[in-house]
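Just one chain follows, in the form predicted alone, and it is written as C-alpha coordinates.
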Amino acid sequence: MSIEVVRLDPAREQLAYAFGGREPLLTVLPGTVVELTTEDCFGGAVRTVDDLPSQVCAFPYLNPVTGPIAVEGAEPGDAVAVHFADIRPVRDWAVSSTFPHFGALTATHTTAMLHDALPERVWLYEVDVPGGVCRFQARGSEFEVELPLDPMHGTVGVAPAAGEVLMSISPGAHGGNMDTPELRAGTTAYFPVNVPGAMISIGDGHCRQGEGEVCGTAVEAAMSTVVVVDLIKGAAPAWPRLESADHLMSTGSARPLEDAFRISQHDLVGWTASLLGLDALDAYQLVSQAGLAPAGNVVDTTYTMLAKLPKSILGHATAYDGIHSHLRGIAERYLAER
(Lines give C-alpha, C1' and ligand atoms only; values in the text may rest on other atoms or scores of the structure.)
Protein backbone atom coordinates (compact mmCIF):
# COMPACT_ATOMS: atom_id res chain seq x y z
CA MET A 1 0.00 0.00 0.00
CA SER A 2 1.39 3.40 -0.97
CA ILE A 3 1.93 6.09 1.65
CA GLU A 4 0.07 9.38 1.20
CA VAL A 5 2.60 12.20 1.60
CA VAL A 6 1.75 15.92 1.59
CA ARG A 7 3.89 18.99 2.27
CA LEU A 8 3.25 22.20 4.19
CA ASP A 9 5.74 25.07 3.90
CA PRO A 10 3.88 28.13 5.19
CA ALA A 11 4.85 31.61 4.10
CA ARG A 12 5.78 33.95 6.94
CA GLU A 13 2.38 35.64 6.81
CA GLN A 14 0.71 32.22 7.17
CA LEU A 15 2.36 31.42 10.50
CA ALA A 16 -0.01 31.38 13.48
CA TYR A 17 0.54 32.62 17.03
CA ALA A 18 -2.46 30.97 18.65
CA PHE A 19 -4.40 27.71 18.81
CA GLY A 20 -7.99 28.09 17.64
CA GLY A 21 -9.81 30.66 15.56
CA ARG A 22 -8.15 29.85 12.22
CA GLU A 23 -9.06 28.02 9.04
CA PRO A 24 -6.84 25.05 8.13
CA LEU A 25 -3.88 25.49 5.79
CA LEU A 26 -4.15 21.81 4.92
CA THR A 27 -6.71 19.00 5.26
CA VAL A 28 -5.47 15.40 5.34
CA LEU A 29 -6.89 11.91 5.57
CA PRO A 30 -6.01 9.77 8.60
CA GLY A 31 -2.76 7.92 8.02
CA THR A 32 -1.18 10.74 6.00
CA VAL A 33 2.50 11.66 6.26
CA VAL A 34 2.96 15.43 6.51
CA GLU A 35 6.31 17.04 5.72
CA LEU A 36 6.40 20.51 7.23
CA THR A 37 8.71 23.34 8.19
CA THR A 38 8.62 25.43 11.36
CA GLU A 39 10.30 28.69 12.34
CA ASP A 40 12.05 29.17 15.68
CA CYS A 41 10.32 30.85 18.62
CA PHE A 42 11.85 34.22 17.67
CA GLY A 43 10.65 34.00 14.07
CA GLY A 44 14.27 33.90 12.90
CA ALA A 45 14.87 37.47 14.09
CA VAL A 46 17.54 36.60 16.69
CA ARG A 47 20.68 35.67 14.75
CA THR A 48 23.60 37.06 16.77
CA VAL A 49 24.39 37.65 20.44
CA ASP A 50 23.65 41.34 19.85
CA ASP A 51 20.07 40.67 18.67
CA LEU A 52 18.17 41.14 21.91
CA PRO A 53 14.65 39.71 21.54
CA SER A 54 13.10 42.81 23.12
CA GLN A 55 14.63 44.89 20.32
CA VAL A 56 14.31 42.67 17.24
CA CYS A 57 11.05 40.78 17.94
CA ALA A 58 7.56 42.23 17.70
CA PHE A 59 5.68 41.33 20.86
CA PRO A 60 3.37 39.46 21.23
CA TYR A 61 4.29 37.78 17.93
CA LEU A 62 6.53 35.11 19.39
CA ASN A 63 6.45 31.32 19.17
CA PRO A 64 4.97 30.92 15.66
CA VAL A 65 3.36 27.61 14.78
CA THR A 66 2.76 25.87 11.46
CA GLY A 67 -0.86 24.97 10.79
CA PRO A 68 -3.63 24.33 11.43
CA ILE A 69 -3.80 20.92 9.80
CA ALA A 70 -7.33 19.52 9.70
CA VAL A 71 -7.87 15.76 9.90
CA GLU A 72 -10.77 14.60 7.77
CA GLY A 73 -13.50 12.95 9.84
CA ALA A 74 -12.24 14.21 13.21
CA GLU A 75 -15.12 15.24 15.47
CA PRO A 76 -15.34 16.35 19.10
CA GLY A 77 -14.92 13.31 21.34
CA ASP A 78 -12.33 11.70 19.06
CA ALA A 79 -8.56 11.66 19.50
CA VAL A 80 -5.92 12.56 16.95
CA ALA A 81 -2.55 10.86 16.99
CA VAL A 82 0.54 12.76 15.83
CA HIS A 83 3.59 10.53 15.39
CA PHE A 84 6.92 12.33 14.99
CA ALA A 85 8.91 10.50 12.33
CA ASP A 86 11.77 12.96 11.91
CA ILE A 87 12.79 16.34 13.39
CA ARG A 88 15.84 18.00 11.85
CA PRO A 89 17.38 21.48 12.34
CA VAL A 90 17.56 23.38 9.05
CA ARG A 91 20.25 25.91 10.00
CA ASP A 92 23.81 25.61 11.23
CA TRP A 93 23.02 27.88 14.17
CA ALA A 94 20.50 28.16 16.96
CA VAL A 95 19.94 30.58 19.83
CA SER A 96 18.91 30.78 23.46
CA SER A 97 18.37 33.71 25.79
CA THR A 98 17.44 35.02 29.18
CA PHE A 99 14.68 37.58 29.63
CA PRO A 100 14.33 40.10 32.48
CA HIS A 101 10.90 38.77 33.55
CA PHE A 102 10.72 35.23 32.16
CA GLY A 103 12.26 32.02 33.49
CA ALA A 104 12.26 29.93 36.63
CA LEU A 105 15.01 31.83 38.50
CA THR A 106 14.06 35.47 37.96
CA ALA A 107 11.31 37.81 39.06
CA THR A 108 8.20 37.59 36.87
CA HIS A 109 4.87 39.37 36.61
CA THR A 110 3.38 36.80 38.98
CA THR A 111 6.43 36.50 41.25
CA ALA A 112 6.97 40.11 42.22
CA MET A 113 10.34 40.96 43.78
CA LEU A 114 12.01 44.23 44.80
CA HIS A 115 15.38 43.21 43.39
CA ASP A 116 16.28 43.73 39.74
CA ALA A 117 15.34 41.06 37.24
CA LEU A 118 17.99 39.11 35.35
CA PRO A 119 19.57 40.87 32.36
CA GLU A 120 18.57 40.04 28.80
CA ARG A 121 21.32 38.02 27.11
CA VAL A 122 21.62 35.85 23.97
CA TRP A 123 23.72 32.73 23.39
CA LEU A 124 24.52 31.58 19.86
CA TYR A 125 24.97 27.84 19.31
CA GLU A 126 26.80 26.30 16.37
CA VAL A 127 24.71 23.36 15.11
CA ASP A 128 26.42 20.40 13.47
CA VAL A 129 23.64 18.13 12.21
CA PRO A 130 25.93 15.52 10.57
CA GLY A 131 28.03 15.42 13.75
CA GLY A 132 24.95 15.24 15.97
CA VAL A 133 26.00 18.07 18.29
CA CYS A 134 25.45 21.70 19.13
CA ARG A 135 28.18 23.77 20.74
CA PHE A 136 27.67 25.86 23.87
CA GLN A 137 30.01 28.86 24.23
CA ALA A 138 29.98 30.71 27.55
CA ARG A 139 29.50 34.46 27.29
CA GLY A 140 31.57 35.23 30.40
CA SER A 141 34.62 33.02 29.76
CA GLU A 142 36.31 30.83 27.14
CA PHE A 143 34.47 27.69 28.30
CA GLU A 144 32.76 25.68 25.59
CA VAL A 145 31.31 22.19 25.32
CA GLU A 146 29.56 20.03 22.74
CA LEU A 147 26.04 18.88 23.64
CA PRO A 148 24.31 16.01 21.82
CA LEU A 149 21.49 17.00 19.51
CA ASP A 150 18.09 15.77 20.74
CA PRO A 151 15.63 17.61 18.47
CA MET A 152 12.07 18.03 19.71
CA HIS A 153 9.08 20.34 19.42
CA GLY A 154 8.10 22.46 22.39
CA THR A 155 4.69 23.40 20.98
CA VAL A 156 2.21 20.89 19.57
CA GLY A 157 -1.54 20.80 19.95
CA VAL A 158 -5.06 21.23 18.62
CA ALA A 159 -7.73 23.93 18.72
CA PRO A 160 -9.20 24.37 22.23
CA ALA A 161 -12.82 23.65 23.06
CA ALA A 162 -15.78 26.05 22.98
CA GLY A 163 -14.29 28.36 20.36
CA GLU A 164 -11.54 29.51 22.71
CA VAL A 165 -8.37 31.01 21.22
CA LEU A 166 -5.18 30.51 23.25
CA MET A 167 -1.80 32.06 22.53
CA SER A 168 0.84 29.62 21.34
CA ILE A 169 3.03 30.34 24.39
CA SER A 170 0.44 28.71 26.67
CA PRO A 171 0.03 24.99 27.39
CA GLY A 172 -3.24 23.41 28.44
CA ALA A 173 -5.65 20.55 27.83
CA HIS A 174 -5.31 21.22 24.09
CA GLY A 175 -1.53 20.71 24.20
CA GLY A 176 0.26 23.87 23.16
CA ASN A 177 3.56 25.04 24.61
CA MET A 178 4.25 22.06 26.88
CA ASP A 179 8.02 22.22 26.29
CA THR A 180 8.76 18.61 27.14
CA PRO A 181 11.89 16.94 25.71
CA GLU A 182 9.76 13.79 25.33
CA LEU A 183 8.24 15.23 22.10
CA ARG A 184 11.12 13.91 20.00
CA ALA A 185 11.21 11.70 16.90
CA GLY A 186 9.73 8.29 17.64
CA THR A 187 7.06 9.63 19.99
CA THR A 188 3.32 9.58 19.32
CA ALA A 189 1.20 12.33 20.89
CA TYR A 190 -2.54 11.89 21.48
CA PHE A 191 -4.79 14.96 21.67
CA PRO A 192 -8.52 15.40 22.31
CA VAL A 193 -10.52 16.65 19.33
CA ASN A 194 -12.44 19.75 20.41
CA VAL A 195 -13.61 21.12 17.05
CA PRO A 196 -14.28 19.47 13.67
CA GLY A 197 -10.96 18.61 12.02
CA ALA A 198 -9.01 18.89 15.30
CA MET A 199 -6.79 21.64 13.81
CA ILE A 200 -3.24 20.47 14.62
CA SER A 201 -0.43 23.04 14.83
CA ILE A 202 3.28 22.46 15.46
CA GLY A 203 6.22 24.77 16.20
CA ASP A 204 8.90 25.85 18.67
CA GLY A 205 11.64 23.49 17.55
CA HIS A 206 14.48 22.84 19.99
CA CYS A 207 17.86 21.30 19.14
CA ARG A 208 17.78 20.11 22.72
CA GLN A 209 16.32 21.15 26.07
CA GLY A 210 16.82 20.25 29.69
CA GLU A 211 13.77 19.23 31.71
CA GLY A 212 11.99 22.31 33.02
CA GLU A 213 13.43 24.71 30.39
CA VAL A 214 14.72 26.55 33.43
CA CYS A 215 16.03 29.77 31.84
CA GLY A 216 12.87 30.12 29.73
CA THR A 217 14.30 29.13 26.36
CA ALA A 218 15.87 25.99 24.89
CA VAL A 219 18.35 25.79 22.01
CA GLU A 220 15.80 27.35 19.67
CA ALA A 221 15.88 26.35 16.01
CA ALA A 222 13.89 26.23 12.78
CA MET A 223 13.03 22.64 11.87
CA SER A 224 12.18 20.36 9.00
CA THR A 225 9.76 17.87 10.52
CA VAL A 226 7.83 14.82 9.37
CA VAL A 227 4.73 13.59 11.19
CA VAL A 228 2.18 10.85 10.58
CA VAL A 229 -1.35 11.91 11.50
CA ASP A 230 -4.16 9.52 12.42
CA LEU A 231 -7.61 9.48 13.98
CA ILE A 232 -9.02 7.38 16.86
CA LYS A 233 -12.79 7.59 17.02
CA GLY A 234 -14.43 8.21 20.38
CA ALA A 235 -11.20 8.08 22.38
CA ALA A 236 -10.52 11.68 23.44
CA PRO A 237 -8.19 11.87 26.45
CA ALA A 238 -8.84 14.57 29.01
CA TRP A 239 -5.24 15.78 28.63
CA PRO A 240 -2.57 15.14 25.97
CA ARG A 241 -0.87 11.78 26.24
CA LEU A 242 2.43 10.57 24.79
CA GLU A 243 3.76 7.16 23.86
CA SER A 244 7.33 6.19 23.02
CA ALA A 245 8.91 2.81 22.39
CA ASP A 246 9.36 2.28 26.11
CA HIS A 247 6.91 4.49 28.01
CA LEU A 248 3.36 5.77 28.29
CA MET A 249 3.12 9.38 29.47
CA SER A 250 0.33 11.63 30.67
CA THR A 251 0.63 15.41 30.79
CA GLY A 252 -0.84 18.10 33.00
CA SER A 253 -0.49 21.87 32.71
CA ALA A 254 -1.43 24.26 35.53
CA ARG A 255 -0.18 26.60 38.21
CA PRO A 256 0.89 25.90 40.89
CA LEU A 257 3.32 23.19 39.80
CA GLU A 258 1.89 20.62 42.18
CA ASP A 259 -1.47 20.84 40.41
CA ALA A 260 0.24 20.09 37.07
CA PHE A 261 1.85 17.13 38.81
CA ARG A 262 -1.50 15.95 40.18
CA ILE A 263 -3.25 16.24 36.80
CA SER A 264 -0.61 14.15 35.05
CA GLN A 265 -0.50 11.51 37.80
CA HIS A 266 -4.30 11.31 37.98
CA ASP A 267 -4.53 10.72 34.23
CA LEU A 268 -1.80 8.08 34.26
CA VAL A 269 -3.46 6.21 37.15
CA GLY A 270 -6.74 6.14 35.23
CA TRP A 271 -5.05 5.13 31.99
CA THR A 272 -3.15 2.33 33.74
CA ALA A 273 -6.31 1.07 35.44
CA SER A 274 -8.13 0.95 32.11
CA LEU A 275 -5.32 -0.86 30.28
CA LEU A 276 -4.76 -3.48 32.99
CA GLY A 277 -8.29 -3.85 34.33
CA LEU A 278 -7.24 -2.67 37.78
CA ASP A 279 -9.28 -0.82 40.34
CA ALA A 280 -8.22 2.75 41.03
CA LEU A 281 -6.25 2.06 44.21
CA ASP A 282 -4.30 -0.84 42.67
CA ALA A 283 -3.39 1.35 39.71
CA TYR A 284 -2.48 4.17 42.11
CA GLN A 285 -0.17 1.83 43.98
CA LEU A 286 1.46 0.54 40.79
CA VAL A 287 2.08 4.01 39.33
CA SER A 288 3.42 5.18 42.68
CA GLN A 289 6.10 2.50 42.69
CA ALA A 290 6.99 2.29 38.98
CA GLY A 291 6.32 5.79 37.63
CA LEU A 292 8.58 8.72 36.80
CA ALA A 293 7.72 12.43 36.88
CA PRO A 294 9.80 14.50 34.43
CA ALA A 295 9.12 18.21 34.15
CA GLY A 296 8.08 19.79 30.90
CA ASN A 297 8.30 23.52 31.58
CA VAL A 298 8.34 25.55 34.78
CA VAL A 299 8.42 28.93 33.01
CA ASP A 300 5.36 29.30 30.76
CA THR A 301 1.98 30.85 31.57
CA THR A 302 1.13 27.47 33.09
CA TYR A 303 3.62 24.77 34.03
CA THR A 304 3.72 21.28 32.52
CA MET A 305 4.49 18.01 34.27
CA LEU A 306 4.55 14.47 32.90
CA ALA A 307 3.74 11.16 34.53
CA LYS A 308 5.69 8.36 32.87
CA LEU A 309 5.22 4.59 33.15
CA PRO A 310 7.43 1.85 31.64
CA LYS A 311 5.50 -0.18 29.08
CA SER A 312 7.40 -3.29 30.18
CA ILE A 313 5.08 -3.68 33.18
CA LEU A 314 1.95 -3.65 31.01
CA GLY A 315 2.46 -7.14 29.62
CA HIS A 316 0.42 -7.56 26.42
CA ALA A 317 -1.77 -4.52 27.06
CA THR A 318 -1.42 -1.82 24.38
CA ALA A 319 -2.66 1.75 24.26
CA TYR A 320 -5.23 2.63 21.62
CA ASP A 321 -5.07 -0.85 20.04
CA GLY A 322 -1.40 -0.48 19.17
CA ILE A 323 -1.67 2.61 16.97
CA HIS A 324 1.79 3.79 18.06
CA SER A 325 3.40 0.69 16.52
CA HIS A 326 1.26 1.11 13.40
CA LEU A 327 2.31 4.73 12.91
CA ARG A 328 5.93 3.92 13.68
CA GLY A 329 5.76 1.32 10.89
CA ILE A 330 4.46 3.93 8.44
CA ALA A 331 7.23 6.31 9.52
CA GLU A 332 9.90 3.65 9.03
CA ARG A 333 8.61 2.84 5.54
CA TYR A 334 8.52 6.53 4.64
CA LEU A 335 12.09 7.11 5.90
CA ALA A 336 13.37 4.02 4.06
CA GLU A 337 11.82 5.18 0.77
CA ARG A 338 12.75 8.85 1.10
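As the structure is a computational prediction, the values presented were derived from the model and not from experiment. We number the residues from 1 along the sequence you see.
Another form, the form predicted in complex with another copy of the chain, is not on view; read the next lines as being about it.
So which of 201 to 209, 70 to 78, 222 to 230, 83 to 91 is the stretch with heavy atoms within 4.5 Å of another copy of the chain in the predicted bound form? Heavy-atom contact with the partner occurs in 201 to 209.
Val193: touches another copy of the chain in the predicted bound form, heavy atom cutoff 4.5 angstroms: No.
Just checking whether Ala245 would be counted as a contact of another copy of the chain in the predicted bound form - the rule being heavy atoms within 4.5 angstroms. No.
Using the partner position in the predicted bound form, report whether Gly197 sits within 4.5 Å of another copy of the chain, counting heavy atoms only. It does not: once another copy of the chain is placed as it appears in the predicted bound form, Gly197 has no heavy atom within 4.5 Å of it.
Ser288 near another copy of the chain in the predicted bound form, any heavy atom under 4.5 Å? Contact with another copy of the chain, yes.
Could you work out which of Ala185, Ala107, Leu149, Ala235 is the residue within 4.5 angstroms of another copy of the chain in the predicted bound form, going by heavy atoms? Selected residue: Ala107.
Can you list, in sequence order, the residues from 103 to 138 that come within 4.5 Å of another copy of the chain in the predicted bound form, counting heavy atoms only? Contacting residues: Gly103, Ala104, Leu105, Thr106, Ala107, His109, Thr110, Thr111, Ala112, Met113, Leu114, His115, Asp116, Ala117, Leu118, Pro119, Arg121, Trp123, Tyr125, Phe136, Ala138.
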